[in-house]
Structure formats: C-alpha cells, structure tokens
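Encoded as structure tokens, the following chain is the form predicted on its own, with no partner shown.
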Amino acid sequence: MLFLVGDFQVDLLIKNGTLVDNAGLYPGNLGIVDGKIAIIFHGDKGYSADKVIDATGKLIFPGIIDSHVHFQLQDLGKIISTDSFASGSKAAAFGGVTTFIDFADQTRGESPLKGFQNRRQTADGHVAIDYSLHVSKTDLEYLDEIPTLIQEGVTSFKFFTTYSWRKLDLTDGQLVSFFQEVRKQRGFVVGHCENDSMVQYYRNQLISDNKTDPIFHAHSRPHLVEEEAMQRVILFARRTGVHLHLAHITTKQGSDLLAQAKSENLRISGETCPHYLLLNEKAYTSPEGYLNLMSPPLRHTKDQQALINHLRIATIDQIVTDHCEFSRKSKGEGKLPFNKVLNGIPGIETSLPLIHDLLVNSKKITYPQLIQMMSSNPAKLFGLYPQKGSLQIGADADLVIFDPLMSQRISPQILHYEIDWNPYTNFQVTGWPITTILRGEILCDNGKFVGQPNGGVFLKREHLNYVKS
C-alpha cells in the first residue's frame, strides 16, 4: 500500500510525532519506502492515505539495540535457558528492541567458525528481529579462523577471565596472544572480567562454612574480583593496542578504571545493565532471592550511584541486558546452594521503560543520551551505524513509538517471556513502547504482535573504530 505525500510516494507514513535521535528532539513526520527512512518533513504537506500512524503526543526513537543477549543458551551441548530465539526475540520486540547480538561460544578444542555456523543455523528463520553474533574464544586453537569470521561479519570476540570449572577461561599468556591476533585483524575483544582464583577461593571457603544462601553468591565475588581482572586486561589491551570492551560493569571501581583508561586515550568502551542500576544485594535476601543470581552479582547502593554518574557523563557507553532467563525449576526452586544455581535473569523486554523511568524521568539524563546509550552507541561500536541506531534518511526504518506518559506496573502477566517470574515485578514505570517497527514493517502494536515471527535477518558487521596503520 502506497501513501501520497505531495508528489512523494511512501510505503508507510508516521505523522505528528516528536523524533528523538542522539542529537536532539524535533517535531516531524517520517516517510518509509522499501524498509528505509526515505523522507523527513515538518508540517502538513497535503498527503492523502488510506492508513497512517498518527504519533501525536508520542516520541519516535530509532530501534533499541541490545548487544549482550543469551537466547537458547547451551551448556555441554544441552539447551539450559528458557527462551528460544523465537520467544526471546518476540519478547524483545515488545520492548522496542529491533536488533540483538547473541554469542556463538567455542567449545574448547573445537572450531569457533563451526560454532558460529551452527549458531547461525539455529537462529536463522527463527528470529522476529534482526541479529548478529559475537564469537567467544576459550583457547588458542584455530586463531587462524579469525580473519574468516571477520569476513563473515563477526568483528567482536569475547573472552572470560573466569569459569575455569566450565573450561571457558583464558590464561594471561593466552589473553595477550589472543589480543595481539584480534588487533592484527582489526577486530576487538569483549571481556567478562572476574578473577578466577579469587572466585574459587571465596566460594569454596563459604561452602565449607555452610554459608550457602543466595546472599553468599555476592560475597563469593566481591568488588576486588572485578577490579583486579579489569585492571589486568586493561594493561594487556594497552600493550597490544586492541580495542577492549568491558562487559557488564557492576562496581564503582570498575567504572572508575574505565574512566581512567579513557582519559589515557586507550581504545576502550564499556557497558552496564539495568539490574545493576535498579537492584542491589538486598534482592538476594528475599524468599525468592535465588532467582536473582547472575554473574557478576548485584552490588551496593554506592555502586549504583557511581554507575549512574558514569552513564551521565558518558564514561559508560551503553546499557545492555545480559538477558538469560531460567524457570524456577531450572534455578532449583530455592533448594540449591548458591554455587549450584544457574546464573541469569530476564531483561530485554523491560530495559527501555525501566531506564527511561529511572534516568530520564528523574532528569539524570536527556532523551538524546537515552538514545545514545541504547541505540546509536551500540550501533556505532558494533559496526551497524548508520544502518541501525539512527533516524537518518537511508537508514533502516527500525522504529519505536514511545508513549512517555503511559503508566505501567510490571508483572509477569503483561510480559512475553516463557517464565512466571520477573525481577522487576511491581516496579511502576511511566513511559512505555507502544509500537515497534522493523525495516518498515509493524511488529508490535498496542500490546499485540502483528508482524512476522521469523522476519529477522543476520547482520554482517564492520568494525569502525580502528584507524589503519
């Protein structure tokens, strides 16, 4: 169906809204042709149409990009998380997310290229929104596959400094060699930074003392665990010249280290998550505290305030969810010691309204800053801008129509996950996504899914941060 705007034909017209990008807010109308933003204009130019979207009183954002997601998580070849690519991407769409980046994990000793190809086969044809993949490296085998992976559109490679008991960690020597090779190929590295020996020491000590309640999960991974590991990998990044991205920063010390590294002009970036801003250690002391276990753990109020301040001054580049959900049964129904509980919580459907309510409504950040953190910065960092994360002419028409005045109480009943619990149950927020559009096609509208459940595509990415030398 074509609409007529003057003498300009468009496939979809969104009128009378307030456009919000990383530069500002301005009233305007959007015309979309073949899934792209084709025209932006102000006022009434005499259009006639059978159907338009009237966004009066609403904000129009570029689609949210969540660059740290775990759908259909596997461990030792067995699917252990509740969300499939299908269910998770559909829930994401309801939250205004139009692109996610998941992980293809290398099983130690096996080809990461094969792991990437298998992960794509699992996801392709089963995602409601667009997606890409990071590749996780767990040893130095097959380093020669990195150039091929980059040609396939993978520019980011994850590493762990912990989880030796799951055979995921790299030693210091391996990290330096890994960083050197990724730098040589102009990719970049994404780090889960916790000191492995400290985690094992504190955890074993607590278990031996019969301290097994959920709160002791936090005690087994104190602030020093994150601070030491981040400091170490920042040193390795400085010496190798690789771009380092620090995943899920949780502490004041971690965010201060990021700020210091940026002041020294290192190639470095970082992220945090809604749960580290909205929840703290007290969540582990409730009767269902076991549900809130994730790694790194929840921290203190002073850490939350530090993270918010670093977001406000743009030290921390983006907000992601680290979405990984499990059922009550999978998490042990409160009967397991903390070290046996599967780690992870849901978050992708509620991230936009929660962050909007926490930071924009309180005037800690502006709307353009919100879009920077949740859309344009991830797009730029992960090689998708301006195709994604912008309202520029020629960009993909990935859009969120957001009602800044809509009040909503969060509960499992209004969400679209495959579980009956949520860490933000009874949180009251003002501001809610009401329409989500992917490449010009409406996916979600006023609480109903009306799009194609398999309409998402894999996105090849380019790393844009290196200057050729």
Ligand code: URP
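Heads up: residue numbers just count along the shown sequence, starting at 1. As the structure is a computational prediction, the values presented were derived from the model and not from experiment.
Missing here is the form predicted in complex with the ligand; even so, the following discussion is about that form.
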| item | value |
| --- | --- |
| Candidate stretches 251-259, 289-297, 362-370, 107-115, one within 4.5 Å of the ligand in the predicted bound form by heavy atom | 289-297 |
| Partner proximity in the predicted bound form: Tyr201 to the ligand, non-hydrogen atom cutoff 4.5 Å | no |
| Exercise: His70 in contact with the ligand in the predicted bound form, heavy atom 4.5 Å | yes |
| Distance check, Tyr163 to the ligand in the predicted bound form, heavy atom within 4.5 Å | yes |
| Any non-hydrogen atom of Cys324 within 4.5 angstroms of the ligand in the predicted bound form | yes |
| Candidate from Asn339, Ser87, Gln185, Asn343 lying within 4.5 Å of the ligand in the predicted bound form - any heavy atom | Asn343 |
| Heavy atom contacts to the ligand in the predicted bound form at 4.5 Å, residues of 360-399 in sequence order | none |
